[in-house]
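First, one chain by itself in structure tokens, the form predicted on its own.
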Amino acid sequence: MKKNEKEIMEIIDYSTDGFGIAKASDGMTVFVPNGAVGDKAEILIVKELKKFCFGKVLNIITPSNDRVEPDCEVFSRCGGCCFRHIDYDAELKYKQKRVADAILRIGGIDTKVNEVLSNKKTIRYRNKGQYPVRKDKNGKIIAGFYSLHSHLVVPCSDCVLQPKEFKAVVDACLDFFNQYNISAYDEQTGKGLVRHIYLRKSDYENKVLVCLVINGESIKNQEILVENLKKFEFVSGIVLNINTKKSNVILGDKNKTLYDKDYISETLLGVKFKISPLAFFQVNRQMTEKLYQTIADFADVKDKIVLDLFCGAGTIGLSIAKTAKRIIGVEIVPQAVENAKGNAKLNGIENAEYICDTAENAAKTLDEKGVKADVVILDPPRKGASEKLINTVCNGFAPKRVVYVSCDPATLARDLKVFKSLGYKIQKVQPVDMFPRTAHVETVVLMTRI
């Protein structure tokens, strides 16, 4: 297939990005955004590479049985969701299949994968929104979300994944920026002031923390903006985040509080947490509780020593601390470690301690000190755990149970293969849909030592 050629094809599968996959008559694989498995469609080739192409649906001849009408005006342009055009049950089946296929194909392990755990809520589930602020071609300040595989901003103040309160705040900020000629950041030149409108909501408090990320130290007439935002009863605090680096990283290291609190409070399984703009916290609270309950059930920590690797602000370990003998959390980010210590103190939890170091170094140090963990919980970043760390866990601590929490089926499968080679058997695989209507899927795996 060549660029600008057209052909009628059938969508036969989904890619890891949620694109439809079709096979052209010449055998070329074609990735098609917004395609649904079972669609028979006329597809235009828009990009040609050596081993595959990207296509665009021109005309659906026979729609998939899974296809539904998207419930978002900007779905076809925004790069956030990829599955708003298919039935949610079909999405869950795909995610279960994706996890199973990765474990079998990459890990070489044929094991049962449970149905995806979900509360079936597909709208208004996120507690965090990050809106890039830019200037449109007419000079008007806009905010929204990045288009697919680009940094072009699709204007949208009311994403159906976000709480309704976020729209009111975003609209008020944009009105202020345009009225007082506040400049928007330009990624190409590194000039302009406002980079992002960054919002977090607490279900526990029903409050919203407003954080404005700026390329400077202050905003002209910011006291007027504060007064405008204070009119919303749900706004509990307003913070400036200073980020003057010319990079795509959203947040800088420095915050200035303009109004009231610089954090929100939230609960998970009865444990209270303070969440600052820089602190990591899962974006889907209701499903996070289901995720953490699954971890607790798999870990079975009653009267046991638990090593919580990549612990972040301590949310997983603290949620199970009341039954454990001892929690040892490890995290490389200093502020997250301080947050974890503060959260332990906030809840009167005295059997949790935290180490600021890489997971590999801390695990090795504890092993050398003779500290033996009964249970190890790993919640690594998308790249997974290193083989060196897995070796330390399996041969140094040799815990009876390992609970692995993954946000990427491919790196999970790779790591499970290493665990298996070191004497651990997969007992349970539970996918959890933390991010409905997107391609992402979280997975919890229980392994036991043979």
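Don't overthink the numbering: it's just position in the shown sequence, from 1. Computed from a prediction, not measured in an experiment: that's the story for all the values here.
Absent from the display: the form predicted together with a small molecule. The rest refers to it.
Checked against the small molecule in the predicted bound form, the candidates 266, 262, 374, 360 yield a single residue with a heavy atom inside 4.5 Å, and that residue is 360. Scanning 193, 332, 104, 224 against the small molecule in the predicted bound form with a 4.5 Å heavy atom cut-off leaves one residue, 332. Listed stretches are 309-317, 145-153, 202-210, 338-346; the contact stretch with the small molecule in the predicted bound form is 309-317, by a heavy atom cutoff of 4.5 Å. The small molecule in the predicted bound form comes within 4.5 Å of no heavy atom belonging to residue 27. Contact check for residue 94: every heavy atom lies farther than 4.5 Å from the small molecule in the predicted bound form. Among residues of the shown chain, residue 280 is one whose heavy atoms approach the small molecule to within 4.5 Å in the predicted bound form. Using a 4.5 angstroms limit between non-hydrogen atoms, residue 292 touches the small molecule in the predicted bound form.
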